[in-house]
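For reference, the chain that follows is the form predicted on its own, supplied as structure tokens.
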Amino acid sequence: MPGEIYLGLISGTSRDGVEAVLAAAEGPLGWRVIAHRRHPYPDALAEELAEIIATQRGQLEDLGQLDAAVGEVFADAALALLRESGIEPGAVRAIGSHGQTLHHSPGTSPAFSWQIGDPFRIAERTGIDTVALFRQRDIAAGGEGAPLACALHAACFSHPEITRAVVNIGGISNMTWLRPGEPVSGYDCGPGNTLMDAWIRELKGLPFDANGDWAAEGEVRYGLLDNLRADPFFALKPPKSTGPEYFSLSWLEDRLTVVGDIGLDVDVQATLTEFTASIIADAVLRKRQPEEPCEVLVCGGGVYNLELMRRLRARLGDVPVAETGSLGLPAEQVEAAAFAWLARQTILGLPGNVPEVTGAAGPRILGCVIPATPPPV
């Protein structure tokens, strides 16, 4: 049996279900995933989430029930993972639950980030102490509340001689810059899969462009690409973060109406794929010094979009690109592993944020702990 085990849960901005991992502080990277499960949302719940996030509207009763329903699915995911792995709940020190983001708004006054997925239900049903509400403490300290996985990236993927950029391509893309002897830096680059997913869902009723096959059939429309890349977000200096509530289907449609030649629907998909590749490559090449030994490690669902990865490699030129799985932490497990790791930080009373990344006033212990065992009467 491994040492002290933690369980990480997250549903990302793609909203396609819950990623669950069991992990422990061991192995070559110092953090090893023992077991992993992808737990889909029920169709009706996924549709309700998509509707509320797309419209940014909902009745209080609907939002309350959605919070409870998502919490139940997160608990289901944790329990299913424990059954599959043969690990008893008592062997798990704590669960780190990120929840499902409804709205991320670090630039408003007051700033906030809202994740649902009632963690009290997770603690009650699993019998495991649960850590949740990670982003709120960083925001309260003046930070963006994101990206938070940079701390795990630094702990697992730093190299004493080689500069590495760890790129997560989920709904939103973010980068962690790891240069030997310098503080960790990073930020949200912009859209990852979110616009590509939204466009193919709107046009074809499909949840995503499998392998990027549809995009590969189209031609990039460079007038449209230039218009997308001109958004003010890309000129902002870090720290910065964003979400699909900003880079939404309506954001895209507004730009389609002002660009003369957008071509066919498939050309829009090709352009969106090139758009994501270009903003990630820009982020890497902007940080890289001339002739600096550098490599890119990619994680998140975007690694399975072969057309996106082809375009990213073309944009990066001589910079090697590999998946994090080549070092022992599979691409689809990194985000959930990060929240298992962050739960451990909280339990140990250690900071979980990287102030250089989020812009917070300083290191902070993130989240709150919900004890699973009721106090004695």
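Residue positions are given as counts along the sequence shown, with the first one as 1. All figures in this text were calculated on a predicted structure; none of them were measured in a lab.
One more form of this protein, predicted in complex with a small molecule, exists but is not displayed; see below.
Only one of 68-76, 233-241, 189-197, 147-155 lies within 4.5 Å of the small molecule in the model of the complex by heavy atoms, and it is 189-197. Residue-level contacts in the model of the complex: of Thr101, Asn305, Thr271, Thr163, one residue has a heavy atom within 4.5 Å of the small molecule, and it is Asn305. Residue in contact with the small molecule in the model of the complex (any heavy atom within 4.5 Å), chosen from Leu264, Leu203, Ala210, Leu256: Ala210.
For the chain shown alone, Gly170 is a contact residue for the small molecule in the model of the complex, at least one non-hydrogen atom being within 4.5 angstroms. Residue contact with the small molecule in the model of the complex: Gly143 places no heavy atom within 4.5 Å of it. Looking at Arg15, you'd find a heavy atom of it within 4.5 angstroms of the small molecule in the model of the complex. Contact between Pro106 and the small molecule in the model of the complex is not found at the 4.5 Å heavy atom cutoff.
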